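Before any questions on how it binds or moves, here is one chain, the form predicted alone, in structure tokens.
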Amino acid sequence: MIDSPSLLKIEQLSHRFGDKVAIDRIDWNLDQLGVVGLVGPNGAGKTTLFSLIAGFLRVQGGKIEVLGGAAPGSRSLVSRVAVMPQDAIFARDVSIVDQMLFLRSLDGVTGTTARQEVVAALESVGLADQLDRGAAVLSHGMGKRLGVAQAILGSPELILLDEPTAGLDPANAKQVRQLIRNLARTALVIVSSHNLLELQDLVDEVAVLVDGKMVASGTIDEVTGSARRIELRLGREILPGELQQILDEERVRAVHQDGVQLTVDLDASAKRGLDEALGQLLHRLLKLGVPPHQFREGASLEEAYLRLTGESEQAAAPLDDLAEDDLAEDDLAEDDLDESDAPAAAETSDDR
């Protein structure tokens, strides 16, 4: 990550909807470009936090400083802050290019410059051939990519993406992930997602929200602590007695077997960390005559998430396989918002 001062500074931020505490005295400081993940259970406060940072909701308690000290929603942040809601909605019968050009006009950019920016954004998400079509013809995945394209118009410096790859096929999801990595060279990109395995390979830092509180933040290593999850494919199934021998290894915390697939949670807190824990595991497997055909680090972030949120692995559904309906607005319905919370549309064009 590249050093850059005061990209986002949050101090003792609190927000309520009636008696419901949505954000509870959060402190969060991000002063480097890169990709930051924001995770938490449904209703944890992720979308509310995004709305506060973007200026869609007025700050009730505490303080937010954006890109060098500006308040959320300030005129100085026009074109510099961009948001992609989880379910961005576009006009069905207006051409995509006209909608995107309209969004640029809200930021005061028109003519050739605006069109060049629109074409570049659509090319980056593989939609350049859809310029003159209306959103009605787009599949869910294409609509999701259009949402990403509108969020990156004008080379913003702070980009908030809510579930940017939800519902995308593997090829398109990979394309969007690469786009996010490219954006992070010149911007701070905050990604809210339930796909923890994807985030683990994408983000530089991660923050975990639970019941409106930020219970952990930092690099993946800092948040996962000493816990490491390793996924292996073996040549045969492990017998019960052999499984116990693996569990008896000093650095093995837990083992789950599914046919020839073995998932092992390791304690990497020793002096040599993961190397020592992996060495013990592989040595045991070799002694048992079952060398792994494949192995990789699995969802260590997921294991830390379950620990930090208090959810058991048995009770929680696989976080990257949740039905899309379960990933709808994860905080509070807009109907619950008091009109006084939201700034008028004319106050800022960042609410696109």
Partner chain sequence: MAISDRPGGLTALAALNGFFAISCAFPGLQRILSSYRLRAHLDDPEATADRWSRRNLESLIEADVDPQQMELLGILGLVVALLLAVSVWGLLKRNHWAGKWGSTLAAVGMASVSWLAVQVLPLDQLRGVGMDLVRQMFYPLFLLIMVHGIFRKDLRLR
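Quantities reported herein were computed from a predicted structural model and do not represent experimental measurements. Numbering follows the first chain given and starts at 1. Basically, rigid core = biggest C-alpha set you can superpose within 1.5 Å across the two forms.
Omitted from view is the form predicted in complex with its partner chain, to which the following refers.
Shown alone, this chain has one stretch from 172 to 180, 206 to 214, 249 to 257, 130 to 138 that lies within 4.5 Å of its partner chain in the model of the complex by heavy atoms: 130 to 138.
In the model of the complex, no heavy atom of E242 sits within 4.5 Å of its partner chain. The shortest heavy atom separation between D98 and its partner chain in the model of the complex is within 4.5 Å. Although the partner is absent here, D201 lies well away from its partner chain in the model of the complex, with no heavy atom inside 4.5 Å. Although the partner is absent from this view, R92 contacts its partner chain in the model of the complex, with a non-hydrogen atom inside 4.5 angstroms. Positional change of R75 between this form and the one not shown stays under 2 Å at the C-alpha, relative to the superposed core.
Taking the rigid core as fixed, one finds a CA shift for Q178 smaller than 2 Å between this form and the one not shown.
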